[in-house]
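Shown here is one chain on its own, the form predicted on its own, set out as structure tokens.
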Amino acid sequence: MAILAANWKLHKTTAEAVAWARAVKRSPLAHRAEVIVMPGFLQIPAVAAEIAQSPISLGAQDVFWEQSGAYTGMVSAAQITEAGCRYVLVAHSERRRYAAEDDEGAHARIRAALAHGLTPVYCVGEDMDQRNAGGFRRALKEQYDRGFGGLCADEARRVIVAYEPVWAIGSGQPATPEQASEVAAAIREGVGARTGLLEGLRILYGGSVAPDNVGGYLLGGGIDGILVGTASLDPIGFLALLKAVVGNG
């Protein structure tokens, strides 16, 4: 079953979040894909209540590696789990940019998430300079080597990797399905060499996704689903994406 994950970023009031969840959960398409919604922290409880008993799963946009202590503004894996989340984003490109998150911190977050039964969605990707220089493989290797460092195959299998080329996010110029498939193959090979995981790693693509290009990624080989940001905010637009995912997944 293909995955469609919605990252709302810094959008939506609680009322807007509930209205979105109410509209999407009613669609019969929600049963035909693994739908994940990732609201802001303050909207999680209301969305959790709205999607209870529905096929939609709940995720958070970040997690801290410590479980308690003097860490103002941080949210722990235990707190996220208690709120009803099953998934959590780790090291999204915007967290890397605005909160200075790095791969060592990503590893600690992945460990914390796994310890509490959460599925980390670990974001990796290269910028335009790295791609133009032909070094995207090296840039990605540094990210997944550190993020997956010390994980065994069983632990690595519980992590979802989201490939989000930084140069494509919000640009209207997505990576081609061929580029995404090439990267997915490199990630699987690299993570396998690092952890011993030979099969079962799920990889998402994110970056300027639209209903008319979803099929290319899912049918191109190696991509198991889509991570979508701004295009997920409107429930009608999201359902159009979901229809495309279901039709091609």
Ligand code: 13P
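Counting begins at 1, following the sequence as shown. Just so it is clear, the structure is predicted and the values come from calculations on it, not from any experiment.
A second form of this protein, the form predicted in complex with this ligand, is not displayed here; the remarks below concern that form.
Visitor: Is it the case that residue 109, even though its partner is missing from this view, gets within 4.5 Å of this ligand in the predicted bound form, heavy atoms only?
Guide: Taking the distances in the predicted bound form, the answer for residue 109 is no, it never comes within 4.5 Å of this ligand.
Visitor: Mark residue 59 yes when one of its heavy atoms lies within 4.5 Å of a heavy atom of this ligand in the predicted bound form, and no otherwise.
Guide: No, no contact at 4.5 Å.
Visitor: May I ask you to check whether residue 208 falls inside a 4.5 Å heavy atom distance of this ligand in the predicted bound form?
Guide: Within the cut-off, so yes.
Visitor: Residue 22: heavy atom within 4.5 Å of this ligand in the predicted bound form?
Guide: Because no heavy atom of residue 22 falls inside 4.5 Å of this ligand in the predicted bound form, the answer is no.
Visitor: Among the candidate stretches 125-133, 149-157, 87-95, 109-117, which one is within 4.5 Å of this ligand in the predicted bound form when only heavy atoms are counted?
Guide: Of the options, only 87-95 has residues within 4.5 Å of the partner.
Visitor: From first to last in sequence, which residues of 217-235 have any non-hydrogen atom within 4.5 angstroms of this ligand in the predicted bound form?
Guide: The stretch 217-235, when checked against this ligand in the predicted bound form, contributes 227, 228, 229, 230 at the 4.5 Å heavy-atom cut-off.
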